[in-house]
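Heads up, the chain shows up twice below as structure tokens, two forms, tagged structure 1 and structure 2.
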Structure 1
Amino acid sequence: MTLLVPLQGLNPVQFLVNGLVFSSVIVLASIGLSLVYSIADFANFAHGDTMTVGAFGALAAAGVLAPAMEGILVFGFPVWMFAALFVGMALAAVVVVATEFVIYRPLDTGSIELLITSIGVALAYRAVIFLGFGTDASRYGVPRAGPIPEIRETLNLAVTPRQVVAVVSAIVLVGALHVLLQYTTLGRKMRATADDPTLARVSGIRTREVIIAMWVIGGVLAAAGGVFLGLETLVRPRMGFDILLIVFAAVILGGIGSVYGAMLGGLVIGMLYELTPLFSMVGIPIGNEYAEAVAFVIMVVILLVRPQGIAGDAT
């Protein structure tokens, strides 16, 4: 699943560039997972498959939109892909909100039962995708563009337009979330509910609405992450589940329940994941087939050394 772009005269900064792209995916995914952790108080194992739902929603939309909007480019990037991205985000939001109404809300149980239920939800999402799209990997069909020549010549770095789109979109989405959380009434309500749901409810906050908002935000961001992951690699039915462990590692590193911690954790884990090939350059032979194992080892080390994470206080 490497995002490595082959390059002669290997520039170590290249790994950081690739890492930044992968980090964008992980950051987008880890925010939603962290929100569910802090507001609904459970580990949502269906989050990875929510990313897959978004990615496949965009895939289906791309199939319809691409012929209709052929040839229109924005920043050297086909505009239909942006439209497909929005369709994927909307679909994921609808699916997770429907799941909340049909499955999670009627359950009046503890966080452990919710966790186990979310595994069932994850399997169901994936099964439906398998039924609809088969088990093969697909592509969005965005024309392969080579590295942007200006950057290549000046900095000796291979940066493709789609990488720029992924990173810039992630920054925009994360910035929007920051504004929402800090400067709007909904954001204050969400933070209050995360701090203490009972107190929030007593203060007149409709926590059910907050929970719906949480699902919409988490679903939209997860879908964006899924689409960017699909753009860089392939769109596969298992893509979300395969990446879930790394997303969990990011959330734990950031401190469970802390949204800003999750962003930071996602950045760090995404970088480390892409830097795995560097280990073999300094003499530690870890092949890319063990990139997941590296994420796992990082997670175990975090749990041993600082289980509360960078920013969290929960144990």
Structure 2
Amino acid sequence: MTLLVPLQGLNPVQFLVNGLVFSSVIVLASIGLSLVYSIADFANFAHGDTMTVGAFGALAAAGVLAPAMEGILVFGFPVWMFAALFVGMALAAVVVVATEFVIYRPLDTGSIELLITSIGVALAYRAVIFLGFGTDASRYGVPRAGPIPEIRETLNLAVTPRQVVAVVSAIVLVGALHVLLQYTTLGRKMRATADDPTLARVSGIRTREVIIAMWVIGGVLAAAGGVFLGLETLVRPRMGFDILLIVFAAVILGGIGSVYGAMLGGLVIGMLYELTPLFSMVGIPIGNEYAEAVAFVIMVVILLVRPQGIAGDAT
């Protein structure tokens, strides 16, 4: 699944633009997955379906908000879609926190058991979405605006308002997370818990509250990634599951458990994924259908050189 397929004859830099948009989705998703691994100490296979929950929450909100806020635009993008985005993010946060209280916390078991449980949680999320919305793909109903004329004329690049919104929003969310992790008390508690949860508890940190914050942040970012993916493609019940393997690849490439590594890994994987068509432009018969394979092969090559990942600690 290639997010955007550039038209023949476009500026080759167009592939970089497409890669930046897709990377925004992968970065937002991979951060939450890395947070859960570093703090809760298990690989959350329900994370992709959390993206889907946020996307469908925004879809439901859009159906209500669009008629009431029709015609109100910000930089050529409807305001009601921003409101729907916030609803989707809030819904995903509520769902993952409820899952923590109802399922994960009462289990009080090891990492492997939680991993297997998260697969069941993913299936449960998907089943509820199937029941509520059916199996067909949907759209948000955001009018298809053409490329921004000024950018098209000056740079010969096709950049749409929705792409600008996705990239700028991702930058804002990632910047806000950086500030939270580095300059707030909660961020220091989260880093301490990730480093050594036992020592953090002995030091007086309420690690259970830190875990709730982790779920909220991860759910919000995953939902945002799901909404932006739905804007560029379609809103489908399996959209999060279909992209989960790529998100895991980004986390592994960046360094398992490293939030900043997940950001870098998401950027690299997203770019590689969308730059694959360039091979055909230089005479190598590799098309869009091989995008995932190319991204994973290059990921393996990088890990052979640096096994701990881009930002992982050597062990």
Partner chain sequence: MSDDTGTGTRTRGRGFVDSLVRSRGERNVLGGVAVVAVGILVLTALGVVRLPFLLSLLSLAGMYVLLTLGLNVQWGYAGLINFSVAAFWGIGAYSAALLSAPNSPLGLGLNPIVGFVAAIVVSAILAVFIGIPTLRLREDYLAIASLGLAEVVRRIILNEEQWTAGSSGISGIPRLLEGLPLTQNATNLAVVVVLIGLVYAFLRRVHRSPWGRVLRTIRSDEDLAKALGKDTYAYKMQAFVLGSIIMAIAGAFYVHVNLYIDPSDLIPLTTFYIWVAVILGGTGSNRGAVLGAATVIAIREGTRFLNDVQAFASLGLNLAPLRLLFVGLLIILVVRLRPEGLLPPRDELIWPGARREEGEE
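If you superpose the two forms and keep the largest set of C-alpha atoms that fall within 1.5 Å, you have the rigid core. What you see is a predicted model; the values in this text were computed from it and never measured. Structure 1 provides the reference sequence; residues are numbered from 1 along it.
Quiz item: Any idea which of the pair is the form predicted on its own?
Solution: Only structure 2 matches the form predicted on its own.
Quiz item: Using the core for the fit, does the CA position of Val17 change by 2 Å or more between the two structures?
Solution: No, because once the rigid core is superposed, the C-alpha of Val17 moves less than 2 Å between the two structures.
Self-check item: Core-fitted comparison between the two structures - CA shift at Val294, Å
Solution: Core-aligned C-alpha shift comes out at 3.5 Å.
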